[in-house]
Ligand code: AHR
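One chain comes next, on its own, written out as structure tokens in the form predicted on its own.
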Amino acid sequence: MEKIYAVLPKKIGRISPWLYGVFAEHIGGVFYDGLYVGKDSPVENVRGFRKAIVDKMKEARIPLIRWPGGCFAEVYDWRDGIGPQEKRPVRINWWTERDGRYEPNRVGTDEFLDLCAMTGAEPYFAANITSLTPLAIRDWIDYCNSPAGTTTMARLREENGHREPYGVKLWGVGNETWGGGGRMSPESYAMEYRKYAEIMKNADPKIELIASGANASDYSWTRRMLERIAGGQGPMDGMSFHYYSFSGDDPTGFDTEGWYRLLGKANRIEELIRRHFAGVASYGMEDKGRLVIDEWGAWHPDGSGPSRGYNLFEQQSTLRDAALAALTLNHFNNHADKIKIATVAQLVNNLHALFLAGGEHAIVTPTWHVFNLYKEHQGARAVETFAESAPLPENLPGISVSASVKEGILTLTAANLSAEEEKEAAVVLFGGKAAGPAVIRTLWDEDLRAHNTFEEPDRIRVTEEKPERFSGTLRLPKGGIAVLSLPVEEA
């Protein structure tokens, strides 16, 4: 029998709710006919946004949304997205040549912040430093945050229906500046960062600035960039990096080898967390340079989602994608002391989405279920965990696990990464004991390739058990994810 150990006295740190954030870019079907259907749509909506998605975001307590890109940010002028919708310009989108669609700017700053308000999510803006000036970004901060009636931008905000300041706190200074965000070297980006950061902080000293960091394992970028920002050379409150797990196979037709290959790639994110943060620590920036993993997830070939390729980068989501999300979030919990923000890419109809939508349809994916199952970790104190389980191909652990304690309740999340064997694991508590009845929720299906569709929206669902007395063991079906909620009494 496998064993899972939770060491209650050994606290790792508080799990920021922001580790459970999402990314929503103006690409393909993410916003238009995805999140946003318009106020006059026959689809039930809240001020233009799909009510079904708004409700499910609230249920899963999605704490943060990154916007408007991604690569879209490189060509986005925030001034196009304010004022009467019918008067807003239509522009070439960064992705127009890929998906054949243009940007109507029906969702801009005020609409997006309305979505954040109705879902309770913190906004995280990606500022365009590729094609806008520092002064233009300063004006955006002015529009969002200046007190009512104080500036021309504050009065413009009031004319557009929002008198009080939004107080947008989180601002990314560029996006993927090593790629589409300017093709910069880390040295040239550091110079641009220092210039933009100085102007942005001057506009509102209370904002927090996130530096555009490395692509995956480019540790040299981290070192070379920080060398020119550390030591007070520029205000900084976090450093991003991006990491995708590319499958190269059919997301609904993979074999056992494909299951392990993709999860093996996902498991590398722990090494990236450790090594990028070691770079941060080497410059004494542990407080100012906590990691922001603002694009992560599975990336499959196009065409498997409900739109059959119309929505760019839309893909189906199976239990393999749920296992990838569970494994990744467990790593985030276990390194809560190093990570400030994480946002899965993306929210709707794109990549590792939580929702698939179109026309009158809107469904949750298995990944949404993982975020919903894991939500009690938000704001809790992570405790050290480890599992004794036979290793799997691609250097995968047999069981991925994390745990936290909040208000006397232990939340333990375990993913059986085996595509072939069910496991039964004994749960051993060090420094504490069970103090009440347990709740066990399990996400699984006999077919690891199973997925929700518009025709069968609840194929993948969660089962729940409420034993009066916890037996001390967890049943983990092959590819299954289990969450144990247990009152504990710490020694």
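Note that residue numbering follows the sequence shown and begins at 1. Please read these numbers as outputs of a predicted model, since none were measured by experiment.
There is another form of this protein, the form predicted together with alpha-L-arabinofuranose (AHR), and it is not shown here; the text below is about that form.
Peer 1: Exactly one of 314, 295, 321, 103 has a non-hydrogen atom within 4.5 Å of alpha-L-arabinofuranose (AHR) in the predicted complex; which residue is it?
Peer 2: None of the other options qualify; the answer is 295.
Peer 1: So alpha-L-arabinofuranose (AHR) isn't shown here. In the predicted complex, which residue out of 346, 402, 222, 365 has a non-hydrogen atom within 4.5 Å of it?
Peer 2: For this set of options, the contacting one is 346.
Peer 1: What I'd like checked is whether 25, 175 and 299 together line alpha-L-arabinofuranose (AHR) in the predicted complex, meaning each has a non-hydrogen atom within 4.5 Å of it.
Peer 2: Spot residues vs alpha-L-arabinofuranose (AHR): full contact, yes.
Peer 1: If you check in the predicted complex, is residue 351 within 4.5 Å of alpha-L-arabinofuranose (AHR), heavy atoms only?
Peer 2: Because a heavy atom of residue 351 falls inside 4.5 Å of alpha-L-arabinofuranose (AHR) in the predicted complex, the answer is yes.
Peer 1: Consider residue 207 of the chain shown here, and say whether it contacts alpha-L-arabinofuranose (AHR) in the predicted complex, taking contact as heavy atoms within 4.5 Å.
Peer 2: It does not: once alpha-L-arabinofuranose (AHR) is placed as it appears in the predicted complex, residue 207 has no heavy atom within 4.5 Å of it.
Peer 1: Does at least one non-hydrogen atom of residue 95 fall within 4.5 angstroms of alpha-L-arabinofuranose (AHR) in the predicted complex?
Peer 2: Yes.
Peer 1: Taking alpha-L-arabinofuranose (AHR) as it sits in the predicted complex, is residue 340 near enough to touch it, meaning that at least one heavy atom pair lies within 4.5 angstroms?
Peer 2: Answer no; every heavy atom of residue 340 is more than 4.5 Å from alpha-L-arabinofuranose (AHR) in the predicted complex.
Peer 1: Could you tell me which stretch in 138 to 146, 368 to 376, 70 to 78, 155 to 163 has residues with non-hydrogen atoms within 4.5 Å of alpha-L-arabinofuranose (AHR) in the predicted complex?
Peer 2: Looking at the other structure, the answer is 70 to 78.
Peer 1: Does any residue in 232 to 247 get within 4.5 Å of alpha-L-arabinofuranose (AHR) in the predicted complex, counting heavy atoms only, and if so which ones?
Peer 2: Contacts from 232 to 247: 242, 244.
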